[in-house]
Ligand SMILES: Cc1cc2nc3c(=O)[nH]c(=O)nc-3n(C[C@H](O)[C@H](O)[C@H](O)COP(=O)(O)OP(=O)(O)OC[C@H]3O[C@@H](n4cnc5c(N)ncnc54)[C@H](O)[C@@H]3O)c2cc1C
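Next up: a single chain in structure tokens, the form predicted on its own.
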């Protein structure tokens, strides 16, 4: 694989690095650029569900992940209104290849991916390199970048934008990013606190109306993630100052905690009008953005990367016409719009619901699901729908 195999990936998050690693393993010469000086370690995704564990296994990365990860063996949906807890124990679900979730920071996964990527011929990582613009030609892309005040042009045959929800690549393509932005700001905090002592699972959603929150283990040394909603009109300083008061409503015994780090961000339900324009493709949050409750955004991004590696790899190898890239675009948009997006919206509604009667109805549904192995298994297996349908020549998504 030589002719037409130069690829530039913009964005060194997990989606970009999954894509870069997969294409480099297929023989492509891949350059990843990122405006940051290193892997971004701010609190982001930290729970890896079954379809992501499958992807890690397929990429030969599961052993690396298991060395750094905590494992979760059940999911809890907690209902403060009644004190009930719906417990979904994965071991009760027969026929699953993976009966656990993995828990570790998204930045740690990026480091694992980067290590394997840089071991390959033709792999290059350029930090402190900002994407400026692009110019497409019939047989390639000229990517203008800037590093430490010096401008440069990288010539490539293909380009992938995996640079997040504010994607400069998507904006350069002048693509519509249709949908909406949620009114509140999400706070993501990493905190040392003994949730294990209080019987929490490694993954927990707490359906508490205005005091909704998500609690998930980050590591086995007592570090946990607490995510919740905050007033978007407050400054970052004001949101941080409110953390002790908010935690007083979250922590079971209001004991002391140690805040390791915190940051806030706006969340969206949006999707690009296309994930392909000529020789430029989008993946992950650059292509679609969703609220993080339920992990639909990160999980979808990993599946984007897998699908893109397969599609573009086949084109570069000469095994397939480039209409497979149109299918990649339409099918990944379908998966987001029909599966990930409505699921994430529903998950958010359920944990934030304020109407008492609706909350009790939701609770009854969850409690019934966790006592019925078939319903519970269907819920767990639903994440595999995010893989989408395989390409068949002439088939439309």
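What you are looking at is a predicted structure, and each value in this text was computed from that prediction instead of being measured. Residue numbers count along the first chain shown, from 1.
Keep in mind that the form predicted in complex with this ligand is missing from the display, and what follows is about it.
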| property | result |
| --- | --- |
| Output flag, 309, 324 and 341 jointly within 4.5 Å of this ligand in the predicted bound form, heavy atom basis | no |
| 58, 365, 355, 36 - the one with a heavy atom within 4.5 Å of this ligand in the predicted bound form | 36 |
| Selected contact from 105, 313, 229, 295, since only one has a non-hydrogen atom within 4.5 angstroms of this ligand in the predicted bound form | 295 |
| Interface segment, criterion being heavy atoms within 4.5 Å of this ligand in the predicted bound form, picked from 277-285, 152-160, 71-79, 194-202 | 277-285 |
| Partner proximity in the predicted bound form: residue 212 to this ligand, non-hydrogen atom cutoff 4.5 Å | no |
| This ligand contact at residue 131 in the predicted bound form, heavy atom, 4.5 Å | yes |
| This ligand contact in the predicted bound form: residue 22, any heavy atom under 4.5 Å | no |
| Partner contact for residue 53 in the predicted bound form: this ligand, 4.5 angstroms, heavy atom | no |
| Residues in 220-237 with any heavy atom within 4.5 Å of this ligand in the predicted bound form | 225 |
